[in-house]
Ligand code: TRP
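Next up is one chain by itself, shown in structure tokens, the form predicted on its own.
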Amino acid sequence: MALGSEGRDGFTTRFGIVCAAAGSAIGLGNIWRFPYVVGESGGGAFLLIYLAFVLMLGIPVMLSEFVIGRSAKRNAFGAFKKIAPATWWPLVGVIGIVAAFVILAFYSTIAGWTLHYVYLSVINGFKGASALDVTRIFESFQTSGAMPLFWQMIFIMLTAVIILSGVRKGIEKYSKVLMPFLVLLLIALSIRAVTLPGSVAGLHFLFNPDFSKITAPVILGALGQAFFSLSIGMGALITYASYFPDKTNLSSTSFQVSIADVLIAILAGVAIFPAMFALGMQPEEGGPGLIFMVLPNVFQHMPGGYIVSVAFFVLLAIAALTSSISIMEVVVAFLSEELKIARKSATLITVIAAAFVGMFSTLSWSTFKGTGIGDYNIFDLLDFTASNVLLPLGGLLIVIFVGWYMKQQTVKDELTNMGLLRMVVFMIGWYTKDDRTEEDRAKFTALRIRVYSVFMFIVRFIAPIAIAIIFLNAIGLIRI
């Protein structure tokens, strides 16, 4: 087994690192929510704004988590405890761990639905069903109680099996298989969708720049999507980075993960909307409504629809699994390292606790229907708490910690280790080889100082303000 510092398990290959980190960022939101928001919020115009936020803000914030995790070689809680002992900063790690647990509880609900729909697709359960029939199939399943619970437990156990195998033999090994498979499935589905007669309208819906739709809330939505689609704020990236070898190029890793996250989301839109428009359907419903009540009907009217249906829901299940692996690892790493619980026992404890809380989430539409606060059922409450409170709060404190508390030399050492500027240097054609002149080396040194200064400026000033605006808007203290 490849062990990191102090005998910890760790990643062994660059490809495995990128696949695992990308798997953490890429989830169900990429497959559905992102392409839908792009289409409804100005198409290509929204996409350009989103890409700008990813490059200018998302990557620096992701790098901040990488810096904390690799410098400390600890879990989300232990990293803060090591870097800032005898302070309140470890509470930031606690926020991340609680967020990860809450997300695991309600995320496994929808992930369980994807497994059920893989099963329905394989047995051709939608054959001959009308649009109304497909809707009733979903509603009947969602409110049945027993079946959603069954599939939720199956999903949690699948996640646990991978976690039990450790970092190298579990997370890295399976991520290196699942992520390329996910990409290949999306490419195949996208090719099939765009070759359908009338598919151009779907591409127009997704990519046509409509700047009239760009408002302050849309810009804020793009900013929020840039931050939270990258798994920022819940300790997953800190935990994963703690398993990175010292030679890992943090900057290029964050860049590759961010670009992969964006490309997967765009490919999902290309796979979904051209097919819908080709068959004369409009994306009138959002979230689970489209995935579980509209798309099955789309697939069965499409040439080769059986194969497409199976492939699509397998794709959804894989996206959910790669994300849940990173989420569960946050909790397991904390239990095993801080409470000295054996990894097997820590995984079992996490599974039991997540299954128990997740049960209430899954039964929100049946046994516990009507239980909640206002219009929010238990599932909605867990989602709101994690997405609108814990994640932005954690992300805000993380950038403040890196920008204002950590020693600048530590941050600089982590970022320049094979890296903060290697990508920039490559792009402009400068290389630090021995045959370069003193003038070339002086230019490189000056560039390194400038780029590091830009990173610190973003982390110290821009990112905290941006995240604070998202946080305050999400909890209703301000309205934009």
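In case it trips you up, residue 1 is the first one in the sequence shown, and so on. In this text, rigid core is short for the largest set of C-alphas that superpose within 1.5 Å between two forms. What you are looking at is a predicted structure, and each value in this text was computed from that prediction instead of being measured.
Keep in mind the form predicted together with ligand TRP is missing from the figure; the text below concerns it.
Novice: Three residues, G27, N30 and F228; all within 4.5 Å of ligand TRP in the predicted complex via heavy atoms?
Specialist: So, yes: the whole triplet contacts ligand TRP.
Novice: Within 4.5 Å of ligand TRP in the predicted complex, heavy atoms considered, which of T347, T253, S326, S361?
Specialist: The residue from T347, T253, S326, S361 that makes the contact is S326.
Novice: Consider the chain as shown here, without its partner, and state which of A236, A79, A333, I398 has a heavy atom within 4.5 Å of ligand TRP in the predicted complex.
Specialist: For this set of options, the contacting one is A236.
Novice: Among 291-299, 127-135, 228-236, 185-193, which stretch has residues with heavy atoms no more than 4.5 Å from ligand TRP in the predicted complex?
Specialist: Only one stretch qualifies here: 228-236.
Novice: Counting only non-hydrogen atoms and a 4.5 angstroms cut-off, does A105 reach ligand TRP in the predicted complex?
Specialist: Contact with ligand TRP, no.
Novice: Is there a heavy atom of L391 lying 4.5 Å or less from a heavy atom of ligand TRP in the predicted complex?
Specialist: Because a heavy atom of L391 falls inside 4.5 Å of ligand TRP in the predicted complex, the answer is yes.
Novice: Examine P35 after superposing the rigid core and state whether its CA is displaced by 2 Å or more between this form and the one not shown.
Specialist: For P35, whose C-alpha is compared between this form and the one not shown after core superposition, the shift is 2 Å or more.
Novice: Using a rigid core alignment, state whether the CA of L182 is displaced by 2 Å or more between this form and the one not shown.
Specialist: Yes, its C-alpha moves 2 Å or more.
Novice: Does the distance between the two CA positions of Y50 reach 2 Å or more between this form and the one not shown, the core being superposed?
Specialist: Result for Y50: yes, a 2 Å-plus shift.
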